[in-house]
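So here's one chain in two forms, each on its own in structure tokens, numbered structure 1 and structure 2.
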Structure 1
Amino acid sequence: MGQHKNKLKRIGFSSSFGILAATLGSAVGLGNIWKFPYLTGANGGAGFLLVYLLATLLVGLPVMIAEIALGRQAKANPISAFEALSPKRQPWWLIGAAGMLAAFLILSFYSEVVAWVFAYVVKAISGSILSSDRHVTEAAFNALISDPLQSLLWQWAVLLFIGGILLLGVTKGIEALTKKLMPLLFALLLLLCMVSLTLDKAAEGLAFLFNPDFSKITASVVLTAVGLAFFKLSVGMGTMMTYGSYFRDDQDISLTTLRVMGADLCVSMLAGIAIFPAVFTFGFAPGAGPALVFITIPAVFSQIPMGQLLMVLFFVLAAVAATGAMLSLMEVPVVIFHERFGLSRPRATLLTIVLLAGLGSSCALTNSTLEDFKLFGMTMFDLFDFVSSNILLPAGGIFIALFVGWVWGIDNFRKAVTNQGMLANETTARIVFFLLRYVTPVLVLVVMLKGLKLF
């Protein structure tokens, strides 16, 4: 199966800016606005940030370049791409299959966080959450997540919404949306930072974010930072391979990747600077966990004129950013169902949505009906997050790096990164290849073994 199906007509991204916008749209999402701040808060601040930065440069960036290069070369979904590029009877396609599993696990909890964002748009409009009193904002968040019906319905609304966009197709759906609204999100975050920096305890918040305390860095914290680096760049499970398959042949892969990484980092830092001064000023706990952003952001908006209106805008834009990321996650199973199982795109999309509505509900009900249902001591929400970010993505990263470093080889990689010699990226190609061949696999393996206490 598969070979002839790979030749199904594929629609690619239409312009160079479109490619950048869509790739950025995948990278920037709740990973930046929600996950990054709460993990940084829970893991001690600046020390975590530093490890995360190193992980992004040494591991995330090379794997992202590798994925896009492989995807563009094979012009196929991750499973077929590995099949096409690897020697006969070597099961590298399993990376693609594991990626599909990762996509479902991530989407299950991600769609619930997007559901909170959607619900917060409505709450922001009604004005009920605009307060600097932490008891008010905490109670509002808890009321939402502990209500099973609200959690479920919002999640299913999100899934329907995303499914609708996907049915419009790659170029129209993804490009059009991300292109227009990303700059606006950036501007609003900038405004939030300026407000936050005028708060009483701004200095304390900044010190938390920028003065490292290495005593908090344990092996499992390092693994979490590596997992976050993968998660934020959307790498380790085939999303970037799939997007790479839509890249044009004249696109500069390493430059695009570098820009995406830079912009992604900026958005995260802005989110951090917007949130931590407020955390300290209004007496929130930095380690509040997944609730952090939802309880803190309203407090910042309560400090400015037109705060309510701007807060509505903020959550709408967060929803847009999250939508771009979710679209890219869903693209992986949809394309696999389409190209490997012969389903039409609409059917593949529907199947994905239905599967997610089922699997995802276990995450939606994590704070209510299924509160006491735990595996390995974790709720389904935490378990799916842990398994995807701390196991599947890093493991995917290791194998993708090994594949490029030892199977695909320097010649193919160099041709991909220099566009067959058209670009002067020779040195970049060599450095990244060296990282992929030796550094990334070893580093991530050691971090995983230590972090999971297997060694």
Structure 2
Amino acid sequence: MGQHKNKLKRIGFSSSFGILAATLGSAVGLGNIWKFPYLTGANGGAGFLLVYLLATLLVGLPVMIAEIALGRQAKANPISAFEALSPKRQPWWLIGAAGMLAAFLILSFYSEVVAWVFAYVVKAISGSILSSDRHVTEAAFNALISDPLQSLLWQWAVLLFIGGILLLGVTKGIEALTKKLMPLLFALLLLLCMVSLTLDKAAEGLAFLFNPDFSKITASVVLTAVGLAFFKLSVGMGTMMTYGSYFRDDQDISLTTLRVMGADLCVSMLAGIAIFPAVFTFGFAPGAGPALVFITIPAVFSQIPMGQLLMVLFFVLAAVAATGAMLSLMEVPVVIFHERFGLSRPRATLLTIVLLAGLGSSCALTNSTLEDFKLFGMTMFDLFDFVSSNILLPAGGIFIALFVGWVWGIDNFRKAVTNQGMLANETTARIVFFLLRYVTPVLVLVVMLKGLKLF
């Protein structure tokens, strides 16, 4: 197995900013650019934001803190971490295995969406998609996703790009890149916001996002906020436990997760400010989902001064957001193959790329060759999304909370969060532990049952 040998040679993040950048890079994804701002606007604006923040404090943050604490304590991959920290002969390591499976399934369809983003960076630079005619932008997008060769080649290019970064290792690869990408992400967002706020109907776009409408806050909206809080912070899939294993021993876990939560929310709100004034100004439906970004955005930018340059910046922004998320997801199987099966890091990375190219091709071809192939009434793209989002991630979150709350125990958790008593945050540790033991598992279970349409 070799996990003990590798544990001694582990290289982690080298700085506090590197830790923050990498962890934030994992949390920020394509969902920040469109889905989160849209859900905020459609579900009550500022009212939904308040519900979301409360849900994050009760669900997302406790599981995130738990994952990072477990990872740092064990200094190992998710499977080995649970083996090392749980009583002998208890199969808690299955949580880590489920996280690895979830990472594979998510990467299989997410890598194809990221492939569209990278393809659109090239299209934006060429100017071929800059048109105010929705039929032109729809035709361009359909031509991309219905071409099996283009779909596969762009997906494989993305996998090789992310794999190349992972080959450089934790410090020189993940940390070095995310330290550059996260400031770039904020800079691009701020630039787009400044342009967007000068548009004719900027006020309508901001009202859509921020005006509180508490009449829209129903039980269903609350569940949406709880589910979003859980999924937004990349918990339940082994990523935070893996990154936690690279944390320095003196890093304040609670403070870091709060900063990640705040910065993640800031990215989402800036994205909303950048996009929705333009959407309202040019008469597009604010409910257009993530896939329709590729149809709507080019038409919007075609009617703005310096539209092509801004469109290039937008898709570069989306590519930056997607890269950080993919790095954390791919690192999960890479480190497991490396530490559990004794493969060198280059071989573990190559094996991960090959497996994802094979599994992901079924998602890449969903809109072309495999258009009519369905399992349980769903395409492979939709099936992988459903299984990971509605079963594996919530189940992972529930069992992580239960493990910390009922197996690992308050003493171990308190020592981990207070850095062996060096930090004066014992009250925080006890509050988070209480949530993990009694509150978080129940809330995540309710979201899981709703996602499976069991009530």
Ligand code: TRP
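Structure 1 provides the reference sequence; residues are numbered from 1 along it. Throughout, rigid core stands for the largest set of C-alpha atoms superposing within 1.5 Å between the two forms. Since we're looking at a predicted model, the values are computed, not measured.
Asker: 1 or 2: which is the form predicted in complex with the named molecule?
Answerer: Pick structure 1; the other is not the form predicted in complex with the named molecule.
Asker: Using a rigid core superposition, assess whether Ala115 undergoes a CA shift of 2 Å or more between the two structures.
Answerer: No, because once the rigid core is superposed, the C-alpha of Ala115 moves less than 2 Å between the two structures.
Asker: Taking 2 Å as the cut-off, check whether the CA of Gly41 shifts that much or more between the two structures after a rigid core fit.
Answerer: Moves: yes, 2 Å or greater.
Asker: With both forms fit on the core, is the shift of the CA atom of Ser86 between the two structures 2 Å or larger?
Answerer: False for Ser86: its C-alpha shift is below 2 Å.
Asker: After aligning on the rigid core, report the distance the C-alpha of Ser302 travels between the two structures, in angstrom.
Answerer: Looking at the C-alpha of Ser302 between the two structures, the offset is 2.5 Å.
Asker: Just grab the Cα shift of Ile217 between the two structures for me, core aligned, in angstrom.
Answerer: Between its two positions, the C-alpha of Ile217 lies 8.7 Å apart after core fitting.
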